[in-house]
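The form predicted on its own is given below as one chain in structure tokens.
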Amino acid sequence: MVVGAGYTGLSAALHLAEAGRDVVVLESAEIGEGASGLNGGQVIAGVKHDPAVLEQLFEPALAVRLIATVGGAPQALYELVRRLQIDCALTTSGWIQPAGSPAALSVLRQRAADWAARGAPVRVLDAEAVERLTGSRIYCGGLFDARGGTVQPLAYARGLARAALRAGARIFARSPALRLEHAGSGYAVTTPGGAVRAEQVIVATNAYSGRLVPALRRSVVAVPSFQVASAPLSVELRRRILPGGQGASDTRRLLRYFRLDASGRFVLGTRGTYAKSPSLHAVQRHYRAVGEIFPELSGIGFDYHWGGLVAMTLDHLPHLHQLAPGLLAGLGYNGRGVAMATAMGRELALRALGAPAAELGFPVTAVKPVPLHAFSSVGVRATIQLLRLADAWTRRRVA
């Protein structure tokens, strides 16, 4: 049984069903109603820590597997999309990380060298190259990672769901898991419509983890992210703004990520609000950000606004947990969930199929609560304001 029909749960269900297992997926809402349908659609290789740091954090064999997993996650996703013929506006033209300051560019030089030393197609860009690839003149350089790409996030989630169904999985939307209990040699999960019994359970609820396994909810900090999408740009603007179709995420402390979608809309996201509906002030901040990066888009109309929750971990790494015999969980993608959650679902399926922990691409770790988790939303709000001030200070110094 899988609880949660986002990228993690759907990927796990798909791989288990294709291996011949009987799989039931319980989803509290509709497919893609959470972060898997509400993200920026950027397929990014790696995690926040660069390979050299991962080699310091883990013993050599595990570090090698982890680096291969996070570095190869986009390619694995592309192969999955093509094999399953998922119609999700896939692009594979790379990912750009523009630098907003010389100090940030210095960090990117080290990152590029670190990955390039391991054979990855990652290189440094000067200011002219960033302007040519993005159309923006505000950056002093950046990084280009040819492994990156983009998807239409909701279409990808629904495509995974359809593929899992074709493979034999059963998916029940609007069926929240209310209680998890031991039942014989396995588990029973109670829903409003009855109980489901299974020998193994994978909990894949990420930033939307609730009371089913309280320890999971307390192990991550749910951070709001919010996005806006413009009206379709003119042909002339599309030739100048991200003409190669890449996604981009800058180096600001409150990073801004942006891309053009398949219909030519400019999509930008950054930190959001916990409110169900963002205030006019919050929305206008996004509009100003668009105009700052691309002055020619100042005053453009915006047709869509949406947001969701990102699960952040204290160590900035995805977490794979063996909560008990037959009870697994995977969560915490720190803003890179399109590729990393898909990879996590595959690894959870391998573990459920009997793969030893020593063969998995993510380390199996204990659940650790975030200190003072009950006040995490207050801390996030305060941190966002501090980081916003720090970004403003950096901009003034660079200018």
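Predicted model only: the values in this text are computed from it and were never measured. The numbering used is simple: start at 1 and walk along the sequence shown.
As for the form predicted in complex with a small molecule, it is not shown, yet the points below apply to it.
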Can you pick out, from L328, A177, V220, A164, the residue that has a heavy atom within 4.5 Å of the small molecule in the predicted bound form?
A177
What is the one choice in I67, A349, A35, V47 with a heavy atom within 4.5 Å of the small molecule in the predicted bound form?
A35
Can you work out whether Q227 and the small molecule are in contact in the predicted bound form, taking contact to mean some heavy atom pair no more than 4.5 Å apart?
yes
Y257 near the small molecule in the predicted bound form, any heavy atom under 4.5 Å?
yes
Quick check on Y208: any heavy atom within 4.5 Å of the small molecule in the predicted bound form?
yes
Report yes if any heavy atom of L309 sits within 4.5 Å of a heavy atom of the small molecule in the predicted bound form; otherwise report no.
yes
Looking at 314-322, 116-124, 301-309, 80-88, which lies within 4.5 angstroms of the small molecule in the predicted bound form, counting heavy atoms?
301-309
All of G71, Q75 and P98 within 4.5 Å of the small molecule in the predicted bound form, heavy atom check:
no
